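The chain below stands alone and is given in structure tokens; this is the form predicted alone.
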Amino acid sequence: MDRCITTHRLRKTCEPTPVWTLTAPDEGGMPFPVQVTVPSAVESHPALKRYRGRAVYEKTLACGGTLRFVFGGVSFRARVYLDDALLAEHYGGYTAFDCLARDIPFGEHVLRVEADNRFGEDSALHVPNDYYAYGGITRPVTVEQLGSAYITALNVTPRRQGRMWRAEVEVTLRSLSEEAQTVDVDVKAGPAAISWKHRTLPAGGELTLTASLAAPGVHAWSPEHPHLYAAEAVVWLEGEPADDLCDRFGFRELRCEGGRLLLNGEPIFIKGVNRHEEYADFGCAVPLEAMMRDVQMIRDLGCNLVRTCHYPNDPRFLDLCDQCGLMVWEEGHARGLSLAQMQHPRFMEQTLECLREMVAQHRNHPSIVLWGCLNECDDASDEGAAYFRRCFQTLRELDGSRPVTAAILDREGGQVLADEDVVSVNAYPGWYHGAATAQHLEAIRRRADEHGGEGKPLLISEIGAGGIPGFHDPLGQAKWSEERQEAILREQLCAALACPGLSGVIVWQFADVHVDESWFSSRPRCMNNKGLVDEYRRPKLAYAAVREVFRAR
């Protein structure tokens, strides 16, 4: 199941049975085939812990006709073959891609996917980092049967006009015919609807239709009242329904005004956590039940937002956030890259492609209120700042309905505060240095005002401390003890919630996660241990402290 909703009622869609054959032929792997489930991380197999290399998956399918294969995520390079014919190549493990196989004779066919999670010179983004980069087919796979035309995209953008709402709809069709076709198209978006009659779909081409529709009587989406509406597009050929695409959306608006964040016109203070897409031995292939448990625990903490550090998340997690009223800051894939790393010849190409795919695939989710990019990358040099500006510009061009931001390091010399809509700074007073939080946050605000951030909302996008689960110091003095983590977080959050001019604070982080082994010297257990819960979601003392402070506001 690639979504928590029905995305097609007319198009024939199936998910291959979950057990596939896997071969890991490179050094340290398994040259002989084993059985694994898909989706899963290749490292979940007991013999392939921390394996770096190719993972070759095979599945025999009974199928035929014109087929569309949709892969939710393959880490990190992917090649897809059907009966040894190459269908597609894709870079990036955190966004979906698809490929077509046309005029396939009905019968049994072998689908083969080669997933390669090795670091290499061709990759600017996939590098050793403070989180573990898993391999394999890590998100669901679906197979669709198509006719001569199909719908590739249905986007609904809400617009608020006083107390009224409008739905801006955009639907795109693609032709698989060698001749032009006359089509009718119906679109419903909540209470709004429109029909286009007798439109020409060019042979082998695309047709995009747009409209701005009044949406009377709708209820706004918010964390307290997460109202959702159905969107559906149907294309008709020769008087018969030929294809459809269904999604969900909500009417909500987040904008910046007078140094504050306004949700649907009302001031809102962000109380959030950062969350990596990882769960204990499942790696980044998090089961749906575990996703829901995470959402429930984050809401139990008193949070109203989760940040998807540092890459786009599984659409199923976003679906749950839509339903449960949890706002989302979603960002492209990049973390902590130096100027030298950003000068990689493929850096801008790969970064922008990830942003394009993220926005195209996830823009209908009402829970997403912020687009982000380039976490803690170099923003102090002229060249580094230019990369940030290019990303901000791209995000605005793709979707101008949401503010853009980037979590930057707490340091002097940043050059991009004037270019983002929301100023976001990562700060760790009491953990990496001994400054009192209240004074440190005031200094961050002053520095932001002096370097282009005056009049903009300010978020503390990361704050926290480390605690090794089960390590206790009754006197609360030892770093890495649960007691010390709890004390630091309590002091940090109390100061942040009392800080004038602050629009929110986001705790680093929700759960402990594995890191690349090159980080071992500063990450006990080869894990980032700043979670409020451990990798199995067992709460640390800090969980109760954050819950108490957040729920009191």
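A residue's number is simply how far along the shown sequence it sits, counting from 1. Bear in mind that the values here come from a model prediction, so they are computed numbers and not experimental data.
Heads up, the form predicted in complex with a small molecule isn't pictured, but that's what we're talking about next.
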Open item on the list: Only one of these stretches, 116 to 124, 89 to 97, 443 to 451, 370 to 378, has heavy atoms within 4.5 Å of the small molecule in the predicted bound form; which one is it?
Closed with: 370 to 378
- [ ] Using a 4.5 Å heavy atom cut-off, state whether Asp130 contacts the small molecule in the predicted bound form.
- [x] yes
Open item on the list: With the partner left out here, check for me: in the predicted bound form, does some heavy atom of Trp196 sit within 4.5 Å of the small molecule?
Closed with: no
Open item on the list: Can you work out whether Asn426 and the small molecule are in contact in the predicted bound form, taking contact to mean some heavy atom pair no more than 4.5 Å apart?
Closed with: yes
TODO: Would you check, heavy atoms only and a 4.5 Å threshold, whether Glu462 touches the small molecule in the predicted bound form?
DONE: yes
Task: Interface residue in the predicted bound form among Arg335, Arg112, His344, Arg174, criterion: non-hydrogen atom within 4.5 angstroms of the small molecule - done: Arg335
Task: Partner-contacting position among Lys59, Arg54, His45, Arg523 - heavy atom within 4.5 Å of the small molecule in the predicted bound form - done: Arg523
